[in-house]
Each structure stands twice: as structure tokens, then as C-alpha cells.
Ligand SMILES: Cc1ncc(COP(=O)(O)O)c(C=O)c1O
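Shown below, as C-alpha cells, is a lone chain in the form predicted on its own; questions about how it binds or moves come after it.
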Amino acid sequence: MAAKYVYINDTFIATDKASVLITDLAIQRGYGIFDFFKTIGGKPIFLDDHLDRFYNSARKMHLHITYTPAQLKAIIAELMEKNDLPDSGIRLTLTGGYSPDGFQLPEAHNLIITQQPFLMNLSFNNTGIKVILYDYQRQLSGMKTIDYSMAIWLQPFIRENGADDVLYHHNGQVKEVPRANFFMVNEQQEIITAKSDVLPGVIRKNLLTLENHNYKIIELDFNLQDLDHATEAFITSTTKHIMPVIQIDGRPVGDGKPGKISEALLNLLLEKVKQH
């Protein structure tokens, strides 16, 4: 069942009636931010973390959110009630707004909140994915912008190489997947994710702050040579939680199968999700 309503600038409006003007900087220049979280059984998951990142992205992009976090939560709750989609994905988008010359940033921006049905698969993926390396540093990496031009442009490259996604690296340093953070397990059984110039993912944050386990999970920049010695690898995102990576650039990671550490971390993460 599709969502009946969206929220745009103080108004709940029927989904098929929602629109913004073509003078918006999101259309003219691709300028704006967003965040995306899921609901399970009518409960938003890690909502505070997503709102923190949304406000941080806005501040860094010189955009102004006119609502307090409490007001945004109330708007989200009302949208969820109107749409009646207990298992869903909710996206908050803040566009650059209506620019008089298609370049200058106006004072007012457009806040758009949309909801779509989304059933989260909470089981461990026993197949895993294959990624292909590509030299690229995402601009404005600490902000969740709407600019995914490179990721979309690379889709033919990914398919031609028989991969499922692309793993960015730059100056020899491993970075991230376009829509997910990347983790590797080294020979010392340390679980490492890049520290610099990557998006601060919400699932990434919640893995780094997991409690009641004996794993060493750290932020540490690492290079392509380190990647050659990975015993396991996985990506994390709101829509995937933890997805094993079994092959990089045509070479198997470890034994080429989803690893036990990835599965154990997913179980720990799901326990945290259940608390929400």
C-alpha cells in the first residue's frame, strides 16, 4: 500500500499533489540534504541518531531547519498515523530553496518528509555481495547530501565488472560504498572502518558503540594493502543493517563466504534494534 500523504513546509498533502517549483536549488544545482530511517512495527529505529545527523548536515551546508527536533518528531508521528504504514522508510529532505538566480542560497528552504512501504529483512545474508574498487573521494563527505551523481554514473561500470556495488578509495586509502559504510576484519580480528572523509553512518555509529561483547571495533584509516589481508568484510546501512562482502575486485575476501564475525555483529545489532 502506497503512502497517502507527504509533508511539505507546514502542510500535509496528498502524495499525488505534492510538488516543488523548478527554481529550487535541488533541481537547479543538486543542492540539498536528506536523511532516511526505517520504522518496524510502527516504531522509528535510531530516530535520534538520524535527526542529529540531519541537523548536523544542515548546519554544515548552511541550511536552516525551522523546527526543533521535538517538533519534527511530532510531524513524523502524525505522518505515520495518517499513512498507517508500520513497516516503512521515512525520508527527510531539506532542499536549497527557491533561488532568484539559480545560484544564490536563499534564506528559506523546502522541508519534504515522505514515507514508503519498506519491509526490513532482519536475517543474516548468507550470499553476500561483490564490490569493485574505484578511485574517488566523495565531496562534502561528512554531510548526507542529495548528490549521488557518481554512484549513479558508475552503475554500468559495476554491471560490466559483475559486481553488486562499488567501493571508493582515494590516495590509496579505503573509504566507503556510495550508500553504506565499509568495515574489514584484519588478521588480528580487529574490526575497522575508515575514520576520515566518510559519511558518519547511523548503523556505523551504533556498531562502534555496541556493548557487552569482546570484539575490538575501531575507526582507523587503512589502505588497499591492508584490504588484501582482510579475513572478512561487510557494509552497514539503514536498509541493509550488515551485509557481508565476499569479493573485492574479483578476489575473494577470506574464504569467499560470509563470516562468523559479521553474523555475530548483526545479532548484537538486532538486540539493540529491539530496544527501540
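Start at 1 and count along the sequence shown; that's the residue number. Please read all numbers here as calculations on a predicted model, not as lab measurements.
The form predicted together with this ligand is left out here; the points below concern that form.
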{"property": "4.5 angstroms heavy atom contact with this ligand in the predicted bound form for G89", "result": "no"}
{"property": "Contact flag, S57 vs this ligand in the predicted bound form, heavy atom cut 4.5 Å", "result": "no"}
{"property": "Contact test in the predicted bound form: K130 vs this ligand, heavy atoms, 4.5 Å", "result": "no"}
{"property": "is_contact(Q173, this ligand) in the predicted bound form, heavy atom dist at most 4.5 Å", "result": "no"}
{"property": "Options 117-125, 157-165, 201-209, 95-103; stretch whose heavy atom lies within 4.5 Å of this ligand in the predicted bound form", "result": "201-209"}
{"property": "Contacting member of K82, K73, R179, K195, with respect to this ligand in the predicted bound form [4.5 Å, heavy atom]", "result": "R179"}
{"property": "Partner contacts for 126-151, taking this ligand in the predicted bound form and a 4.5 Å heavy atom cut-off", "result": "R138, K144, Y148"}
